[in-house]
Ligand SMILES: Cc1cc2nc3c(=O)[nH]c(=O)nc-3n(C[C@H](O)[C@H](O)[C@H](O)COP(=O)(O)O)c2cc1C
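The form predicted alone is given below as one chain in structure tokens.
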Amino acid sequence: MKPEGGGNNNFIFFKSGLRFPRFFPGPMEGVMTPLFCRVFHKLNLTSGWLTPYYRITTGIPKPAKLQKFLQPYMEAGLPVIAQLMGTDAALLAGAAGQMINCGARGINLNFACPSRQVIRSGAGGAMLRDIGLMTGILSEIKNALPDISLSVKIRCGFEDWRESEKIVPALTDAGIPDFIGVHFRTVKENYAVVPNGLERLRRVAVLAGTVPVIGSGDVFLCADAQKMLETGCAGAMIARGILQNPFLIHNLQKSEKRRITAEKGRQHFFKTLQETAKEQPDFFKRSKFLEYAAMIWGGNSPQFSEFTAFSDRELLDFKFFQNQPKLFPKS
């Protein structure tokens, strides 16, 4: 399967009936601000969203809170899957129903987050140590909301990636998940270099059987996505890769002739950040702008050093191009 082309090849049709892009941004807590989402919509850099997790602890949030959370992702009319995190099945089922009522097209359960604070609470990646609790939560939500798109995001294991040999069949045997998002590292590995990540995904895809696997981890180039599909994954959620090249998903959906170079894409993305912040001043936060610059070019780059010396006005007025070349080449 080639990660380029047009039409339905760029989408997956899940058994729930949800049509969702084959490549989409992986959820990034603290990165996916209203400004970030608005720029992605302006530049048509995604065809759907999986939100960062919404933590469910002691109660079901009021609809107004959930609507505020979902609004930046939903404003362009794209399909949105809301990610929930928690350990209480009844509360998660109630929150899932509220998210659907607020316009989410599906629910994804986070069993993957490696944050120490999250792990200490028993949520996120810690759930991988309690297969019964994970499957129980899936069943409770599906019983309450039988027609929704319900999926999970996991890592290959908590301590050892071979834990996937038990985890994945347990999640798929009930026939509930629309898909399983899988980051090929374990919770303990966090973001350490893993030499056999694709082989892990290949094994997970076999274990999942007919349930689509959406791969995650170290997709920075179109070639990386191609290799991920060759493991048997149906698609990829791309996180850090779209920070280094915001047009990566765009490029995966286009022919070679219509692709945007990484540097041109970075410049146009940041230029659109500037324009959008001027249009919507409450979106502008200097610390977040500099954080984006550091993620896009690197904290040790000349570009980032230059930006840190700018005043707020200079940061918003900096000109990337003298002649403003066209973003898209002629076909």
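A quick note: this is a predicted structure, and the numbers were derived from the prediction, not measured. Note that residue numbering follows the sequence shown and begins at 1.
Heads up, the form predicted together with this ligand isn't pictured, but that's what we're talking about next.
Of the stretches 256-264, 209-217, 141-149, 169-177, only 209-217 has residues with a heavy atom within 4.5 Å of this ligand in the model of the complex. Interface residue among Val31, Ile60, Ala293, Leu70, judged by heavy atoms within 4.5 Å of this ligand in the model of the complex: Val31. This ligand in the model of the complex comes within 4.5 Å of a heavy atom belonging to Ile238. In the model of the complex, Lys153 approaches this ligand with a heavy atom inside 4.5 Å. Contact annotation: Asn110 falls within 4.5 Å of this ligand in the model of the complex, judged by heavy atom distances. Taking non-hydrogen atoms only, Gly48 never approaches this ligand to within 4.5 angstroms in the model of the complex. Applying a 4.5 Å heavy atom cutoff to this ligand in the model of the complex picks out Gly26, Pro27, Met28, Glu29, Val31, Pro52, Tyr53 from 23-62, in order along the sequence.
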